[in-house]
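The chain below stands alone and is given in structure tokens; this is the form predicted alone.
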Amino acid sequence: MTTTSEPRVIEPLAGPLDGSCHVPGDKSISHRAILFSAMAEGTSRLLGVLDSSDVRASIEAVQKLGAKVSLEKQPDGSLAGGVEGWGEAGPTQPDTPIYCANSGTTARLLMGVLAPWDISVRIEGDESLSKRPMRRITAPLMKMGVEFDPAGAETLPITEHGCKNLKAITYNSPMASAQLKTAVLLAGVYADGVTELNEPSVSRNHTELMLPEYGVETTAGERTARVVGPAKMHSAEIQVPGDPSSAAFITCAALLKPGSAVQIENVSLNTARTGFLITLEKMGADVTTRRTGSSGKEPYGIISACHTGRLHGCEIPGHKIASLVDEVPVLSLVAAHAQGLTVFRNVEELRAKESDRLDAIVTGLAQLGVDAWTEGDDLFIEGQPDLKVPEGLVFDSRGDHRLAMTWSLVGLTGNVPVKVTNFDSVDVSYPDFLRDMEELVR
């Protein structure tokens, strides 16, 4: 995501974080609620949908394809209302390309949505998204009968030609990717037979948990997911819980800011998303969770976090990375304050995010005087428990929302201000991040 704003000055918080708060709706679940509702017959009712630039890209995409979306802004900043899907009639042929902006989830999941229909759609993205890998999605869909132009394209823009007679497949994915898995499963909803996807390690399972709400039975194992098609999708009622990836920033801020104690309520506690909490516990952090309910099959509850004076490094094995991949930047900042070495194994996927987050982490921590380096696909960080932030630092967010929030924590939890370039990229997932942080100061 590219922006043109001046660097944002991030001042230290006036005091410790204290009290309870909510975070915006989960981005992954919001995308799926919009897309699945558009595919379904009838009008679905959605609550708690994240209002962000990424989710807006999915809303605009399904509108161009014929879905009727009537979501309105709520007092808490979320979106709620109805989505009338195209159902068995299928999406309409758009007369212009579908622009996915910076949203990789929109682009990749949309490929699965479009797969079973006899239409041709050009999918485009912004400069950042146009560099991100798409071959991982097109390869299995081509095995099912979908055609892409140019054939074998690695990146956007790309034109997808759907196939009315999709073939069910068993696909052994070379990587753990919820976006890849979802695209294949959505195509499999309309294929004749069992579509199965096997992964090398566990990825997010929001799709497997949500599809039954729309009338599609799924089978979900630890590293296997399947659907039986063709199946009919009907409307559903979905309440989106808070986003644990957004909650991670408040959690880590509380750990680093002396005197802090916070509770983040109504957050998704899906085990495929809470790997960052397990990592923080391994580092000695004072964090706990308590389940308070569920939305469909999605559990939610409270995350509690208190300032922890002494943290220690740990090793995060490769098979756990998928459950915390979006939180690696902020976990790296916590690791920079911990005693000893922290190692993240097999984090090569960070190179293919909105920016090269692996390079950004090493560069940003070097500005703090912290030794961080890569060896192959592993990230190493040698922490400094008494880390002092130098004055006058300017961090480059690279237009990446996760990096913008990570580097802002240096200023918020420290004793000197810092500057963060393109801070407005936080609009992708957490537009009111700074306001929420400031409101937690007692």
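The numbering used is simple: start at 1 and walk along the sequence shown. These figures come from a predicted structure and were not determined experimentally.
Beyond what is shown, the protein has a form predicted in complex with a small molecule; the following relates to that form.
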Exercise for the section: Kindly confirm or deny that Lys282, Arg345 and Ile381 each have some heavy atom within 4.5 angstroms of the small molecule in the model of the complex. Expected result: no
Handout entry: The single option of Ser128, Thr308, Gln239, Ser177 touching the small molecule in the model of the complex, heavy atom within 4.5 Å
Key = Ser177
Practice task
Could you spot which one of Thr274, Thr105, Thr218, Thr138 gets a heavy atom to within 4.5 Å of the small molecule in the model of the complex?
Solution key: Thr105
Problem - Contact test in the model of the complex: Arg32 vs the small molecule, heavy atoms, 4.5 Å - result: yes
Exercise for the section: Mark Arg398 yes when one of its heavy atoms lies within 4.5 Å of a heavy atom of the small molecule in the model of the complex, and no otherwise. Expected result: no
Problem - Distance check, Asp326 to the small molecule in the model of the complex, heavy atom within 4.5 Å - result: yes
Problem - Contact flag, Ser44 vs the small molecule in the model of the complex, heavy atom cut 4.5 Å - result: no
Exercise for the section: Just one of 367 to 375, 72 to 80, 220 to 228, 178 to 186 has residues with a heavy atom within 4.5 Å of the small molecule in the model of the complex, so point it out. Expected result: 178 to 186
